[in-house]
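As a starting point, one isolated chain is supplied in structure tokens, in the form predicted alone.
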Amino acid sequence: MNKETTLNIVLMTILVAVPVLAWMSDEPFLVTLATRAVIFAIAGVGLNFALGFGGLVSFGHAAFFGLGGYAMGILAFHAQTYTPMMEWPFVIEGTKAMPIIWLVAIIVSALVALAIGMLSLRTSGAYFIMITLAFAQMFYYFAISWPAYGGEDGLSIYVRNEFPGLNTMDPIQYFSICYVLLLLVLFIVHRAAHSSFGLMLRAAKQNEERVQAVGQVPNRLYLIAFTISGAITGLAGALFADLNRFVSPTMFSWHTSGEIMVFVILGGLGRVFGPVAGAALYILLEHSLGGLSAYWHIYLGAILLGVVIFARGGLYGLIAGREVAHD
């Protein structure tokens, strides 16, 4: 067992032990914090698939995070108000069933990521960054001007959605759902990253000409990675909206895209479990430094600057070594 594998096990053990101990000590707030860390980790893993493995510096992943949130909000809103979403040409009802909501969030986010990717990948470098940001801002301003679902004020959901056999209003049970989904996402990403597709994607990131020489199309690899990345981030958005029982246009804001990127950079680019460590550290800093000052982001910025300069592989690079493990 190498150092990185050991670190993965320790990280995931701590991530589940903290909320369990908090639940046993009757500290539901800490359970909620851990749940936020898990959800942010899923979003970070999604971005990392495009950024860390494909080198696609997207500053618009808030679009998929927000789409997942609004998929949850709209479906749950129509379920709680007993009004159909559409009556022609056939009736489409809302729902409070989490599995259905997750499926809708994943499909919608994947389709939008596919469309955005097809347009954005015509560019590269700074142009790619700006066009992905522009798409996210388009969704942001559309959500603000959408009064049917709260507009600028957002949309509240009175009761958390349902999962068969569980009480989702119980913080530890909702954490369990999110944690299992994180494990599933990590498994899928690990398998994809170490598949022939993942190896070709990494090769395209390093040298597109060599990939073309063996008959592959780099942009096709990037588009698949971008679509998968958007789908995973959309799932995180649905979970986050369900956690808060509230969805608002801020989920589409460029600040959200920046936060997701911070998770990836803090944990380590190209490490499957890196964004998990980054998200956990972010929540820890937010909780501890936020109590010291309202301007705690200054301290976060200093820490991020230190990571970029002195630990370019993130936390995983600092602890497990800079070379990315391939086993």
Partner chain sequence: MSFVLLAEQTLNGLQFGVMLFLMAAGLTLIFGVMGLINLAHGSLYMIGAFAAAATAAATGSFVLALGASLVAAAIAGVIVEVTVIRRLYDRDHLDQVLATFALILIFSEGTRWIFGSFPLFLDTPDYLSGTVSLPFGVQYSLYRLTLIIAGLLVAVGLFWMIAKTRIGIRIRAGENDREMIAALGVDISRLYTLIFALGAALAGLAGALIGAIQSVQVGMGEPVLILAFVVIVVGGIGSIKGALVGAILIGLTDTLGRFLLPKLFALVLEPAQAASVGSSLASMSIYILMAAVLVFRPKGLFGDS
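Numbering follows the first chain given and starts at 1. Source: prediction; values computed, not measured.
From this point on, the text means the form predicted in complex with the partner chain, which you will not see here.
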Q. For the spot marked by I129, Y141 and I298, is every residue within 4.5 Å of the partner chain in the model of the complex through some heavy atom?
A. yes
Q. Hey, of 75-83, 104-112, 142-150, 155-163, which bit sits against the partner chain in the model of the complex at 4.5 Å between non-hydrogen atoms?
A. 142-150
Q | Partner proximity in the model of the complex: V31 to the partner chain, non-hydrogen atom cutoff 4.5 Å | A | no
(Q) in the model of the complex, is there a heavy atom of the partner chain that lies within 4.5 Å of any heavy atom of G125, even though the partner is absent here? (A) yes
Q. At the 4.5 Å heavy atom threshold, is L119 in contact with the partner chain in the model of the complex?
A. yes
(Q) Using a 4.5 angstroms cut-off on non-hydrogen atoms, would M261 count as touching the partner chain in the model of the complex? (A) yes
Q. Of these, T250, Q137, T168, S176, which has a heavy atom no more than 4.5 Å from the partner chain in the model of the complex?
A. Q137
Q) Of the residues A17, M24, I309, I9, which one places a heavy atom within 4.5 Å of the partner chain in the model of the complex? A) I309
Q. Going through 50-80 from first to last, which residues have a non-hydrogen atom within 4.5 Å of the partner chain in the model of the complex?
A. L51, V57, F59
